[in-house]
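First, one chain by itself in structure tokens, the form predicted on its own.
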Amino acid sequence: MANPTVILKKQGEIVIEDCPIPEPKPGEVLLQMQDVGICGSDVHYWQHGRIGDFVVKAPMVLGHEASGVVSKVGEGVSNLKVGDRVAIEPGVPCHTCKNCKIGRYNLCPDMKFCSTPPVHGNLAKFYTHAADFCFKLPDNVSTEEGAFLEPLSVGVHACRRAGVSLGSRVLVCGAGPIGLVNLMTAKANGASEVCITDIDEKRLEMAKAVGADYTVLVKSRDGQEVARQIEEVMGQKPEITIECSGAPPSIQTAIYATESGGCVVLVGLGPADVTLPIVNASVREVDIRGIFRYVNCYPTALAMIASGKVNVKPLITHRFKLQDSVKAFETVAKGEGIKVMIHCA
């Protein structure tokens, strides 16, 4: 195959097909893909065919956590050259709407985001992308780490929205890949104490290994009870809680656990409608903030890895070749490991 490509044909069916090698348009580069991490959203589209209002109505190429090597440069591109290794920020906005102009391009209504219907992803041998959303990797950063900039950027954006800074006491709910990068980002931002929760002991062990000060194994669906456990373990309530699971009981815990005047940031996406202790949050002035992907975070995420402030390598637990992509998706669906990476070259 000239360009083997991983395609979600329909709900429940992933195939590998040979697709034409695309030509870069003006402002784009052709990339020979290197590494693509599997995100929970990719698996969700495969298993359920939709996430909220985003519905798979036609075959779609999967993948958005990616890195590649420039193999051809389109007209007008001056920031990259053939041979450059790059991380790919997967969302390309319109550049002209109000949100783009004020610097919040993640909220652009015309965003073209990889592997979000109907936009194709980049889990293929060759792929074209806007050059200004490709970030050149320094020699000491691998292409696997380059692919990891995507989830790490979620952590950067969440910690910015939360106001994590030197001395912050932080609670992270959920120790999956996104919870772990939020833990690592909070510590890199100077958080003095980070507690993390999960229902899986193995994930908490990984969290300890990458810097968690405290862990809480959640065994109850009672948000107030779990909040009391967290306060007991930390010795006081956290100032900031970053909720990464999307599970309703965990969102309730996040509100109850956060100190008065603190902030809860909702990262995990669960049911569309959730019952919250909103009066509790209101009378204690606990701010509740959402985040959507990230904005202007790739340079920071890259600097964190390049400087050694954050080491994401321990989170990559499984590796597959492009031709074994179906096995890779099955591995994620079984809940095995932390981050599954597919090598495309």
Partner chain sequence: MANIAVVLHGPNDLRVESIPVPEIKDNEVLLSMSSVGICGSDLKYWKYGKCGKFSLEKPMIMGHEGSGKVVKVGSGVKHLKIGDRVAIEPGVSCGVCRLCKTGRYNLCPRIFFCATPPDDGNLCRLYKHSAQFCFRLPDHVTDDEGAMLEPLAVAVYSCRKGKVGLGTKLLICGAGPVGILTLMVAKQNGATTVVITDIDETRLALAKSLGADFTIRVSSEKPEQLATNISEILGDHPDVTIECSGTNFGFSTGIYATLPGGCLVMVGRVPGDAEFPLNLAFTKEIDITGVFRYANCYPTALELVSKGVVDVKPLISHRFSLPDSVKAFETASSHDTKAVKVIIECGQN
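Residue numbers count along the first chain shown, from 1. All figures in this text were calculated on a predicted structure; none of them were measured in a lab.
One more form of this protein should be noted, the form predicted in complex with the partner chain, which is absent from this view; the next part is about it.
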Partner-proximal stretch of 102-110, 142-150, 183-191, 247-255 relative to the partner chain in the model of the complex, 4.5 angstroms, heavy atom: 102-110
Does residue 95 reach the partner chain in the model of the complex, with heavy atoms at most 4.5 Å apart? yes
In the model of the complex, is there a heavy atom of the partner chain that lies within 4.5 Å of any heavy atom of residue 132, even though the partner is absent here? yes
The partner chain contact in the model of the complex: residue 311, any heavy atom under 4.5 Å: no
Are any of the heavy atoms in residue 296 no more than 4.5 Å from a heavy atom of the partner chain in the model of the complex? yes
